[in-house]
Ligand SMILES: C[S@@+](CC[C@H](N)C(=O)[O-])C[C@H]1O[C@@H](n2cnc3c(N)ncnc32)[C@H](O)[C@@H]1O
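What follows is a single chain, given as structure tokens, in the form predicted on its own.
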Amino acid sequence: MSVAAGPEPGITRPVPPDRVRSISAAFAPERWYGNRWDLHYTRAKLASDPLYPGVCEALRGSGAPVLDLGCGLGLLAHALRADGQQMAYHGIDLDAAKIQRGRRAAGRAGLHEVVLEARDLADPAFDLASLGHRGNVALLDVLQFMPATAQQRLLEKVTGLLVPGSRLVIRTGLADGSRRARITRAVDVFSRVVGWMGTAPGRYPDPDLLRASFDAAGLESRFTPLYGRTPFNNWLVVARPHGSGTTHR
């Protein structure tokens, strides 16, 4: 079983301003009159959300490749390279338009060993095992857009991809009844209405059930608040094979 510990203060610092400018430049339009949505989005995301510093810290020291499920524009690949982490990166997302723009940005930034692919994780014909991936897995803002049964199936699949020294890194809202949880759901619904997210929020994970599933899979787990400057009930959840790190919850 995982070892219980006191609550951690959480990661509150977003990406430093100079790194924000460097990363977001790859998402600028090719012409001055082009659409600047991705540029403004990446700037705001990196400058206000501690997600990427948190994920980079969680993956630091693991040279295993990263499979980023629900990768969006592939922003994690940029953050990892800016952090000096050079492991191979494979991003998958349902939104083919985001993948296309993400590929263009990765090319402009000169990122090596970065693959972005448009696939539907919910497609019964799509088998994660067919990717041949063994290593780290990232699920960033993905689980809350899936029903509970689909969440469990996906977690069972991705935990089977872990190898010693690798980590499963999840960012998600949690169903804890807090005011932050209500705000998170409202914003996720709005994101679906305006078209930024491809699906509406489903069921936010229950933290106790998550811990139990990790225990059953033989994984140590750590739950860290990842609020930053946002009002959202975001948490960074890191699970790894037993014996490869200290566990907190």
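From a predicted model like this one, the values you see are computed outputs, not experimental measurements. Numbering starts at 1 and runs along the sequence shown.
The same protein also has a form predicted together with this ligand, omitted here; what follows describes it.
Location of this ligand contact in the predicted complex, chosen stretch of 86-94, 128-136, 173-181, 107-115 [non-hydrogen atom, 4.5 Å]: Single hit among the candidates: 86-94.
Non-hydrogen atom within 4.5 Å of this ligand in the predicted complex for each of Gly72, Leu121 and Asp141: Each of the three qualifies.
Contact residue in the predicted complex, chosen from Phe27, Tyr204, Tyr52, Phe214 - any heavy atom within 4.5 Å of this ligand: Filtering the options by heavy-atom distance leaves Tyr52.
Contact test in the predicted complex: Arg222 vs this ligand, heavy atoms, 4.5 Å: Answer no; every heavy atom of Arg222 is more than 4.5 Å from this ligand in the predicted complex.
4.5 angstroms heavy atom contact with this ligand in the predicted complex for Arg81: Arg81 lies outside the contact set for this ligand.
4.5 Å heavy atom contact, Arg103 and this ligand in the predicted complex: No, no contact at 4.5 Å.
Close approach of Lys45 to this ligand in the predicted complex, 4.5 Å, heavy atom: Yes, Lys45 is a contact residue.
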